[in-house]
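Presented below, as structure tokens, is a lone chain in the form predicted alone.
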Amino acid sequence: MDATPGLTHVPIGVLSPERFSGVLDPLQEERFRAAVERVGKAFEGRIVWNVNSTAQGGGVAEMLRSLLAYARGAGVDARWVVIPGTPDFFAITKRIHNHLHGFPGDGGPLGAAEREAYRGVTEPSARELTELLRPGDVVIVHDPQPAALCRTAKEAGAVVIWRCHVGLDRPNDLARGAWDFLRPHVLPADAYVFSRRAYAWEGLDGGRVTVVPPSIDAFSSKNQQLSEEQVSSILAAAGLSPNGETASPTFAREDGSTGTVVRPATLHGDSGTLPNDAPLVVQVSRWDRLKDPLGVLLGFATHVAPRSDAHLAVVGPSVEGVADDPEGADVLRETEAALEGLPAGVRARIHLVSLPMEDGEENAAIVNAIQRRADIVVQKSLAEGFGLTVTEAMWKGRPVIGTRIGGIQDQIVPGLTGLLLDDPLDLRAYGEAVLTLLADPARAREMGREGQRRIRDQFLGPRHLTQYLELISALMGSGEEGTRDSPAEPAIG
């Protein structure tokens, strides 16, 4: 394989955990404060390294950006490095990702040649990371791409955590094959962290398994409160609103400065701008077959458009801006082709949107505005590790229609915060769910309010950070928590 550059050190801001004092309930705030107060002694003189494969695009990068900033604000020397890769390497790791979800992906193998190619890219990164480590440092390795770094980090004297954000409730042979590929690399880790108990692999020491569901940052560019004027102005500045008013396309950046949306989104095919005066259904996700943008489009065209005046927006990142997902361009082309084949009247009510990725916070602000413009948010995934777009939409008070898979079912309480689809391939059921909420706006709004309360109680950053601090403290022998699943694991249901 081609030579690759070295590790990239990602800049991390510093955010005070105190900003959550007005968001959490008293019990949550007390526990978070107690965990933060223990940090100084437990982490003194240690660096907590996080390793993944991209600094932007996808939920892992978003979570790291905010969680590490809060960790630094709590006195932890948290750092973030990104491993390099080649197109061939990312094709292999995307295959692994798909297999972990139980899907064949590109249909290629995970044999001896792929193992050798994988090692060829990860070994230089492992050696480089080892040179940075000091005994007692902590290394959290995220997902398949850098999994090979677990062993060398452990050999260098670090405390090592393998963090897997994807999984399958009922594993099949494809998933087990991916486990076999990765297991030798991750076995040396001191702890294995999964988003759901069902995702824990066979062949791992169950005593080292911890469940830590993901979270969102309530104050990030993607999730901060926006006024109606800001929403309208941001959409206009991105070329997504027909009114053209851009008086205040602004948002608060992580460092406290004011950001302004200046880059336009791309409307594919003959997609027009989003309507001002019609209900809007939205799905935001990567251009990934497992997110099923094609099914979202066809189900709406067939079952929703003929019986309502609603519009649909299928929104994803610019495919050039997500380096570790080589299938994105193909999926976008497939979705564009499907749109072009629809009757003109239906086509005019479906909007395919790619968002600029040059500035991650600008991208997030546009997503924020689109989700707040939505009347209903959909996440009709065929497979899902957790589904942070569901979390984001619920935090914004939007009712969500999702599939009963993965972490989506941990978030949506059917009939209370949204609706769940038992079969992700049943386009009629998806259409009927959308029509049900369109026909009862009052119920939809109440679902949104209940959803926001649920996210506040279970899926914000303080709970997530507290679990990590408690786990790391226990692994270093300085924490009071004797187990890794309880009391740290939240009650989700």
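On a predicted model such as this, the values are computed, not experimentally measured, just so you know. Numbering starts at 1 and follows the sequence shown.
Heads up, the form predicted in complex with a small molecule isn't pictured, but that's what we're talking about next.
Chemist: Decide if the three candidate residues K291, E384 and L388 all line the small molecule in the predicted bound form, where lining means a heavy atom within 4.5 Å.
Modeler: Each of the three qualifies.
Chemist: Using 4.5 Å between non-hydrogen atoms, is V284 touching the small molecule in the predicted bound form?
Modeler: Output for V284 is yes: heavy atoms within 4.5 Å of the small molecule.
Chemist: Given that the small molecule is not shown alongside this chain, does G431 nevertheless sit within 4.5 Å of it in the predicted bound form, heavy atom to heavy atom?
Modeler: G431 lies outside the contact set for the small molecule.
Chemist: At 4.5 Å between heavy atoms, is A74 in contact with the small molecule in the predicted bound form?
Modeler: No, A74 is distant from the partner.
Chemist: Counting only non-hydrogen atoms and a 4.5 angstroms cut-off, does S233 reach the small molecule in the predicted bound form?
Modeler: Contact check for S233: no, nothing within 4.5 Å of the small molecule in the predicted bound form.
Chemist: Name the single residue among A189, C164, V367, L274 that comes within 4.5 Å of the small molecule in the predicted bound form, judging by heavy atoms.
Modeler: Filtering the options by heavy-atom distance leaves V367.
Chemist: Quick check on this chain: which one of G328, P279, G407, G316 has a heavy atom within 4.5 Å of the small molecule in the predicted bound form?
Modeler: Selected option: G316.
Chemist: Quick one: which of 359-367, 178-186, 144-152, 259-267 gets within 4.5 Å of the small molecule in the predicted bound form, going by heavy atoms?
Modeler: Among the listed stretches, the partner-contacting one is 359-367.
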